[in-house]
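Before any questions on how it binds or moves, here is one chain, the form predicted on its own, in structure tokens.
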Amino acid sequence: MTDFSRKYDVLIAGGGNAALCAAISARRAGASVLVLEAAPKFYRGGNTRHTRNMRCAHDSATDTLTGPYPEEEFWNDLLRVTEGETNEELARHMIHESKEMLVWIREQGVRFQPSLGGTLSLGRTNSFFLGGGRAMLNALYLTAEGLGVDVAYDAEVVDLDIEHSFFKSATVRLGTEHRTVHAGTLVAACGGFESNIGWLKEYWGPPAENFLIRGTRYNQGGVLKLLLAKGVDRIGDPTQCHAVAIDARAPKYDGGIITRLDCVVLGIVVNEQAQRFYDEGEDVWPKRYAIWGRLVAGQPNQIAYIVFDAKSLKLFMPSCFPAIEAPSVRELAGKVGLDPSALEQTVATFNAAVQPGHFDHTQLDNCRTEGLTPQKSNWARRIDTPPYYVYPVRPGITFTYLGTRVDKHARMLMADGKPAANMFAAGEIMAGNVLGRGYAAGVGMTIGSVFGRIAGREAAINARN
């Protein structure tokens, strides 16, 4: 039973990967720690429940990675996907610190599986959790609680007492009652605001109503809003986010990884006018999959359709929903409400533009189109082998990039540019420091793990002082 009358050294708002890494790090540094998770115990862990892997720099192959992934390559990958919209000092610091994470996270009880191949192209760069994100979470909770970390569920932070950048206490809603919790330091590790449709509509307008939320419904952004209102400096474009194309038949919340579709590169993507609108083969999928949510969000009624044929059916990881099938392109269009003649024309125009080449779905192959706008730069093959397939897709929002500005010690910075006295942040709530735009697979978990560990350690030191 949590003793809310006690003053803890470190109070952590959040219950996912970043929060648990912070809690374990702070506790191992000798601090007393309370974790406040807004969700019920069954739904604990925020978006971490749905993750599969993390990206870390490493100098050589391991038992779960097929080769080295140097810091400079990691940096160049991040620079490319963010198009330079990143804090280089923080990003390079995160990448350097990530080299220790594969060992440290294992020491906390997390296990990894052998590397994966195929279209994911992540066997060398990303380590996959054995049992997925929920198994990882369970291991971290087991370790944290074994170390003496206190955890309260259904515990939503609804107010913060902050004076002159100094955190004093948090007001926590526990069912129908409110309690005040005092602590020496605060670590905010409670995600973004992607589940708050009203807040999303402030920046996206009515289209936000059609967004699907891949993860938890509990990331409402309440703590973020409180911190920004109380003088913490903000960072990030509120319209930028980790947004992927997911099966349009997915639930509004918590569809998770099994609703993601990895077949964009193997076919064409059309809007509800049956027109293509972007290069499906621009780059390997882990470096481009997170742009497709925003692309679909920009189409009429925020819906699109991935069209491919029998040649590609077994080359990707499918959604939990079956692809819609038909013996002809015309019949396929009718099954999803597209104009049959328009889709036939789009497919015929695409097929005519495909150039000869050696197709290889595991790497950039330069199988391209010519004389087509937009072009397809890689993996362009004629769509001509029945049966034909289509997946309807909508924007699937994972997490938002508007957040709190931090320094390399994970300490929050105030709007006047000075560091907060005793407030730290980790995970999605500060991801915008590293991710100004774009995404590379596994980087969210890297941000959470690295800055969570740093935030916990620094918070413990701060509390002792």
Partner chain sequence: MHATEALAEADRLMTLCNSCRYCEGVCAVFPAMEMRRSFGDGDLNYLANLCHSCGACYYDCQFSPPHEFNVNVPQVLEQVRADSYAAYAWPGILSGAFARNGLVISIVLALSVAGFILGFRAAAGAAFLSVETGPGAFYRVMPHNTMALLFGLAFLYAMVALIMGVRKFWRDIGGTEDDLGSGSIWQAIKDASRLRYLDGGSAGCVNEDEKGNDRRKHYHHATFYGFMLCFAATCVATIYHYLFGRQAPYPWWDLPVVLGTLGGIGLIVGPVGLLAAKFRRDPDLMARSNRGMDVAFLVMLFLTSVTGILLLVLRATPALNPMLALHLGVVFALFVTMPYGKFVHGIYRFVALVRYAQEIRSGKTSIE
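So that the term is clear: the rigid core is the largest set of C-alpha atoms that superpose within 1.5 Å between two forms. Positions refer to the first chain, counted from 1. It should be emphasised that the depicted structure is a prediction, and the values quoted were computed from it without experimental measurement.
In what follows, reference is made to the form predicted together with its partner chain, a form of this protein that is not presented.
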Sole residue of 372, 174, 258, 79 within 4.5 Å of its partner chain in the model of the complex, by heavy atom: 258
Partner-contacting position among 197, 158, 116, 324 - heavy atom within 4.5 Å of its partner chain in the model of the complex: 116
Its partner chain in the model of the complex: contacting segment from 413 to 421, 432 to 440, 25 to 33, 47 to 55, heavy atom within 4.5 Å: 47 to 55
4.5 Å heavy atom contact, residue 313 and its partner chain in the model of the complex: yes
Contact flag, residue 359 vs its partner chain in the model of the complex, heavy atom cut 4.5 Å: no
Its partner chain contact in the model of the complex: residue 395, any heavy atom under 4.5 Å: no
Residue contact check: residue 111 to its partner chain in the model of the complex, 4.5 Å heavy atom: yes
Threshold 2 Å Cα movement between the shown form and the other one for residue 323, core superposed: yes
Residue 266 C-alpha relocation of at least 2 Å between the shown form and the other one, rigid core basis: yes
Did residue 233 shift 2 Å or more between the shown form and the other one, C-alpha, core superposed: no
